[in-house]
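We begin with a single chain expressed as structure tokens, specifically the form predicted on its own.
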């Protein structure tokens, strides 16, 4: 992936080269060279793990500003379900009203789109049982993780648009139909808890282009929304989402909405990797659906949120429970949207196949790759196996791979360097005791 398509960036001025980030990166996309971190663009999946890990705030996410919405004639906010969990309020409608007051003309809740995706996912599960478990495609970081580290599982990924993508599509279609505004004059902006969504908009998964025109971080408008909440008096009934859609914000919400028993939900990118390894090895063939979210706790734990993820998760549970009583009425609303806009399964299905990201391969040629693999194993035998990170690579194995790729030297390892210095010092002592033959004396 080209550098300019990533949303995770490095501030070199703030970076201290502490190596904390290289240990946490799930795809080993970071190296430390010359006391500064370097992000390998082809490996990065924009999960945001380095943002959480860096104690010096040297990693940050590039998103759109609120001013960018002014480029469009009609501006639509697409609030993520996790947006509701950032505020202590007794009415979601107040939050949606606040979004209108900060500059948006309309709102389409991503939670409602999640409910629609749920309905079509149920249909897909009934139709497709040949590749199980079916893996959720809602988290773009997890999808890119599979493309990079688990290419054999690409066919297991649910080939349906994410709630964010569907929300933008439905919002534009609805506004175009009701108000007659041209699609290209409607700006749809996702209010996001994570950086991976920004990357998705630049480089969509399963589609040639995204209907989302921009991504605004929750933390960037948090203060403005909160200030508006204090002055809101007349609250309009804007929300049409049920507890099922809002529940998607926390880990397990998507699976619970499906109403099936044979599922596994996991949050935290490293936990997701462990389960994907189990699936790849054929140990979880008894489950039908796998929900994996890169952030701990789910989207409520995203790096672009404000609220403590545990507090936010608790709020989502409360909202889901509170709105469960009105679920029947809201389900009718879901069906009305599907019928009125003529939404079909074909509208949600991927239009473009997901491709393998071959960046972890040692070589594209199998024979050459095997030779390099043997060379990696030879180098590993002389490395200490401590995975200390002092060399600037996350593990001894990645250092060995970097050496084979010509990106590092064995003396980058401090232990090998120390041994080489000892050997050199020993030779220097031997040489210091040696004198030219012309000055040697014959003891006889």
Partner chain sequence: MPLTMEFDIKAGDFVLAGEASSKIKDTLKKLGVKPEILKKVAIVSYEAEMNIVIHSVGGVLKAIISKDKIEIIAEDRGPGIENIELAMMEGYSTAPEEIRNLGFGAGMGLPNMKKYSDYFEIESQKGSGTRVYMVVLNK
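Computed from a predicted model, the values in this text were never measured in an experiment. Numbering follows the first chain given and starts at 1.
Keep in mind the form predicted in complex with its partner chain is missing from the figure; the text below concerns it.
Undergrad: Have a look at 299 to 307, 368 to 376, 83 to 91, 245 to 253 and name the one stretch with heavy atoms inside 4.5 Å of its partner chain in the model of the complex.
TA: Checking each option against the 4.5 Å cut-off leaves 368 to 376.
Undergrad: Within 4.5 Å, heavy atoms only, which of 345, 229, 362, 260 is in contact with its partner chain in the model of the complex?
TA: The residue from 345, 229, 362, 260 that makes the contact is 362.
Undergrad: Tell me, out of 208, 234, 353, 152, which residue has a non-hydrogen atom within 4.5 angstroms of its partner chain in the model of the complex.
TA: Of the listed residues, the single hit is 152.
Undergrad: Run the contact test on 73, 176 and 182 with a 4.5 Å heavy atom cut-off to its partner chain in the model of the complex and return yes or no.
TA: Judged in the model of the complex, none of 73, 176 and 182 sits within 4.5 Å of its partner chain.
Undergrad: Is residue 156 one of the residues lying within 4.5 Å of its partner chain in the model of the complex, judged by heavy atom distances?
TA: Because a heavy atom of residue 156 falls inside 4.5 Å of its partner chain in the model of the complex, the answer is yes.
Undergrad: Are any of the heavy atoms in residue 280 no more than 4.5 Å from a heavy atom of its partner chain in the model of the complex?
TA: Although its partner chain is absent here, residue 280 would touch it in the model of the complex, with heavy atoms inside 4.5 Å.
Undergrad: Just checking whether residue 401 would be counted as a contact of its partner chain in the model of the complex - the rule being heavy atoms within 4.5 angstroms.
TA: Yes - in the model of the complex, heavy atoms of residue 401 and its partner chain come within 4.5 Å of each other.
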